[in-house]
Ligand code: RIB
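Before any questions on how it binds or moves, here is one chain, the form predicted on its own, in structure tokens.
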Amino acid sequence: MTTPKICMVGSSMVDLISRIPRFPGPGPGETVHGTAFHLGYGGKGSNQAVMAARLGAQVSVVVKLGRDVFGEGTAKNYREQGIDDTYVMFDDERFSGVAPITVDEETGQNAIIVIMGANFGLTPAEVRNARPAIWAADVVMCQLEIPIESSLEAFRVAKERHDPITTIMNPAPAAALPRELLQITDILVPNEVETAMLSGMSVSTVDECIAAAKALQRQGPRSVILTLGERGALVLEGDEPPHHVTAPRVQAVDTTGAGDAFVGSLAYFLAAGKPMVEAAQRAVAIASRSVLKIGTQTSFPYRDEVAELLT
């Protein structure tokens, strides 16, 4: 495979992870004693970028950080991961984005609060200024943890290059998407919750997932890949029949970041020239490996740990 080149225009967060014996509730007011705490570098976009970099891609990021200890640490983390930080920018007014995360230590399931901070300071003009990084890529990834206008500008810039750049939109957290953004999105990658919110349809069964994914496809994206957690992923590529990619059975320790591991791996394999279904199969396998360890980026495997999936 050729060396994949990927540009991520999106978010950077610091994850504040607490492990708990169970989620509090129902209702307000209950205090639950946690069992462990971990600080990690995250944000959907940055997670996806790190996953792709660990597999061997040349990755650049277009992000905005706060001028604080979290921002300084995040910039250092990019360099340590081998990610091009030419377009890492700093906001003099906003604090770095943070994400308090609670993880049920029995099930590995998580609940996340996202405080965007400096991420919402990334402007369309700053994204356009990063055109050299975008045009150097085979794949451009965006999410919805920066202003939608900035994600839209990233895809506009990508489509201005004379030869095609594949655009991947991970619509998380779910929000209404402009028609233009959907039309210049090549691959939309929502999870079940996001699919239900964006389509207004039920996704309780695989057949319902197919119907909802097709409804999203009709809005503009050529392809939709619906991530299904432990059930794998559903691939709708153009006019091809839907393909359900099953996931290996594993005992999850922590599911935090599994979706990002999938998207980052998917981008890597597509940029390397793999067919979409095959890319999704490999990405599901890598995401399944990530739930076997605690943390987000700390759970992502390196290239040598998944060598059999890279040939």
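Just so it is clear, the structure is predicted and the values come from calculations on it, not from any experiment. Quick note: we count residues from 1 along the sequence shown, nothing fancier.
The form predicted together with ligand RIB exists for this protein as well; it is not shown, and the discussion that follows is about that form.
In the predicted complex, ligand RIB sits within 4.5 Å of a heavy atom of residue 256. Of the heavy atoms in residue 112, some are within 4.5 Å of ligand RIB in the predicted complex. Proximity of residue 290 to ligand RIB in the predicted complex falls outside the 4.5 Å heavy atom cutoff. Although the partner is absent here, residue 13 is a contact residue: one of its heavy atoms lies within 4.5 angstroms of ligand RIB in the predicted complex.
Put simply, of 152, 216, 101, 228 only one has a heavy atom within 4.5 Å of ligand RIB in the predicted complex, and it is 101.
Stretch 257 to 265 is the answer when you ask which of 257 to 265, 274 to 282, 24 to 32, 65 to 73 has residues with heavy atoms within 4.5 Å of ligand RIB in the predicted complex. Contact annotation for 20 to 45: residues with any non-hydrogen atom within 4.5 angstroms of ligand RIB in the predicted complex are 42, 43, 44, listed in sequence order.
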